[in-house]
Each structure stands twice: as structure tokens, then as C-alpha cells.
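Shown here is one chain on its own, the form predicted on its own, set out as C-alpha cells.
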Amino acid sequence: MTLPPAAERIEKRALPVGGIALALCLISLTRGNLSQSYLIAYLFWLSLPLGSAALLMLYHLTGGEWGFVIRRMLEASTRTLPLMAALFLPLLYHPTQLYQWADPAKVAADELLKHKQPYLNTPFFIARAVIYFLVWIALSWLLTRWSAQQDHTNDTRPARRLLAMSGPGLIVLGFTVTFAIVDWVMSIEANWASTMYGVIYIVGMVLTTLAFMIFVARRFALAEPMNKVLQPAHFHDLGNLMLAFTMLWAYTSFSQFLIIWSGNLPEETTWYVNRMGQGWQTIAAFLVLFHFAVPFIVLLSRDVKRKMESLAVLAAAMFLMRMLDLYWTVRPAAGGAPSLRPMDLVAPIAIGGLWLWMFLRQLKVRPMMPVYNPQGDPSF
């Protein structure tokens, strides 16, 4: 497939820009100034291939034109997972910069960390990360391989394999992402725990993916061949999905807060205490307003969801809100007031530039639209 001229320009510039920014990140890493900034950026961009895998399997289970028109974009996104596995390596360079449990001296001084040491230790941490990426890449490979086979035949067997795999695949994806987020983020504050933590990230990663796909689909709808395919009805469906996941994000986030507030236990409330003072409460209020309230009200409008440009603008704003939410979740663990460091800007450019280059490169491998759609066959 040939990309629109604007996407071609982005592809050509994304690799050098991302490469230069990554070099700056690696220099900063050796000086101990990177870890949190890099982790926030990494979690943000990792949301896209993982959220794409979730949406692909949801589409294969439920059907619908909303998934058919963005299916190739979702598949291209999942095929960036090998790149994301490679970009995870800087986080292993000096884990004590992020994790107390990786420092023997801090473990020796904390009885709770000693108790968690059989699970929270560096070799097992790395082994689990390898397992997560192997599972995610395997799911991506199956999703894209059988989809490619469907392009060459009107036989429904590849589509039936995708249907049969998607139910168990969603469960496996949910468990592995939950464990990964517990390992990579929640264990930064190893004396605190929440059973909702992984669920909140999973909902957020799907919301991030929907926002990205809506924005990209709108840009592609301005050029051949997608301008003949994408219709307001497709954006209306995608807008409804974004509304649903916006409400789900608010529900899961508030549920975690309500349970911890009603329990009123010091070992649990500390997490919110650190995020409700020193200026962090302003960001929290901003998220309540612009990550939930405003998008919720706007997305209730049928007209907005059917106006491609208006929905794309809202999706771009939601995309940025997802980054802010991750910043509010991760950064307060280090203590202090909110601040913007140079690496907070460089790290997202580094990972994002490389990710966009790989995504657009993968998008050119196959036709933008699937050749056959067995789900439209009554015999399927």
C-alpha cells in the first residue's frame, strides 16, 4: 500500500528524529537522570500495540464495520511489539534507579520488601518480562498471520481461527498486561498494592488506541483510497466506543479511590496522599475535568461523533490526556512537586519517533483494506 504524502513525510522523518532523541536518552541514562521519564513514555507508547491487540480480538469476537475499516491499522500497530521489546532494555540498565526492591541495602532495612523478595528480584523480574513479550508477540503473529491468509481465499477457516483464538487471547492478554503493570509500575512503591491497578491501565491502553486510530483514520480519509471507504457512520461507532471506555476509565479509577478512601488504612492511603498535595491535586482535578467530564459530555452528541474532524480533534486531546494520566500515576513516587524535565519531552519523542516509523512501515506491507470479510457472510 502507498501511504498518503503526509504519512510518507512522517515516516521519513520519524526514524532520524527518534534515533537522535534515543541517543540523548541513553546518554542521560548513564548519568542516572532518565528512568522515570523513560518509563512514562514507554508505558504510553506500549499502550498502542497492546490496545490494538485487544481491539482486534474484540472485533473478531463481535464483528462490526468499525473494526473492519481500522483492522489493517490495528494489525500494523501490533507488529511493532518486537521494537517495543528492544526499547524495554534501557529500563534494565540500572533498576535501582526505579525500584527499591532491586537495592539489597533497602531490602535489608525493610521487612515487607524482604517478604516480597522471592517475587521482586531482578532475575525473576527480567524472566517475567521475557515471558510477557513472548506471549504478546505470539498473539500478534497469530492475529496478523491468519488475517493475511484470509486475503488470499474466501474460505472462512482463517476467520474462524481468529474467532476461536480471540476469546482466550483476551483473557491471556488481560492477565499478562496486569502482571506486567504490577511489575513495572506498581512495584515502584512496593509497600502499596491495588487489585484495580492493572485494570485501570488496560482500560487506558484501549482508550489511547481508540484515540490514535480515530485521529489517523481521519487523516487517511482525506486521501485515496480510504476517502471512498471511511464514512461518518464508522466514526460514529468509534466515537461510541471511545465514550464507553472513557466512562470505564472513570469508573475503575474512582472505584480504586473509593475503596481505599473507605478503608482508610495508612498503608493504602499513602499512594493518594502523595498525589493530592504539592501541586499534584491540580493535575488530578485537570484529569477529572478533561479526561472524563468534558469528553463524556461532548461524546454524548451524535453530531460530534459523525463529524470526522471534530471527533479527530477530541481524539487528539484525549491522546495527550493519556500521557498526563501516566505522568500523574508514576512521577509522584519520586516525591516532590510536579516539574517538567528535559527528558520528559525527549523520551516520548525518542520512543514515539521509532514507534511511528515502524507503524507506518508495517502499514505499507499489506492492503489498507482486507480483501475478504467472512463476517459479512451469513454462513459464517
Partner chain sequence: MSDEHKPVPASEGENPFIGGEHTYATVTDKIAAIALARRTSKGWVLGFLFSFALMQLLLVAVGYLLYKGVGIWGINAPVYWGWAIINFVWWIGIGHAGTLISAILLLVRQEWRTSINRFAEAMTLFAVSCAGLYPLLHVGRQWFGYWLLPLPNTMRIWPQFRSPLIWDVFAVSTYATVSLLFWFVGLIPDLATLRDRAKVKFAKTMYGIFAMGWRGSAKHWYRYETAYLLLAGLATPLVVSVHTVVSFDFAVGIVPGWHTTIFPPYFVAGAIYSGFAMVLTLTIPIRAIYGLQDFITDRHLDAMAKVMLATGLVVAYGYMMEIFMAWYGGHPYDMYMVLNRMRGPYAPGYWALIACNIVIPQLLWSSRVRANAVFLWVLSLVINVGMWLERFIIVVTSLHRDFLPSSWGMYYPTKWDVMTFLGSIGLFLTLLFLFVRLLPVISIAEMRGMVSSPTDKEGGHH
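Worth saying up front: this structure is predicted, and the values here are computed from it rather than measured. Residue numbers count along the first chain shown, from 1.
Beyond the structure shown, there is the form predicted in complex with its partner chain, which is absent from this document and is the topic of what follows.
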Proximity to its partner chain in the predicted complex, single hit among Glu267, Glu309, Glu224, Asp303 (heavy atom within 4.5 Å): Glu267
Which one of Phe133, Trp192, Phe125, Phe286 is close to its partner chain in the predicted complex, taking close to mean a heavy atom within 4.5 Å? Trp192
Please state whether every one of the three residues Ala6, Ala108 and Pro342 places a non-hydrogen atom within 4.5 angstroms of its partner chain in the predicted complex. no
Can you tell me which of 134 to 142, 208 to 216, 193 to 201, 86 to 94 lies within 4.5 Å of its partner chain in the predicted complex, counting heavy atoms only? 193 to 201
Look up in the predicted complex whether Thr178 has a non-hydrogen atom within 4.5 angstroms of its partner chain, and give yes or no. yes
His115 within 4.5 Å of its partner chain in the predicted complex, heavy atoms: yes
Is Ile297 part of the interface with its partner chain in the predicted complex - any heavy atom within 4.5 Å? no
Within a 4.5 Å heavy atom cut-off, is Gly167 in contact with its partner chain in the predicted complex? yes
Taking its partner chain in the predicted complex and a 4.5 Å non-hydrogen atom cutoff, the residues of 50 to 79 making contact are Glu65, Phe68
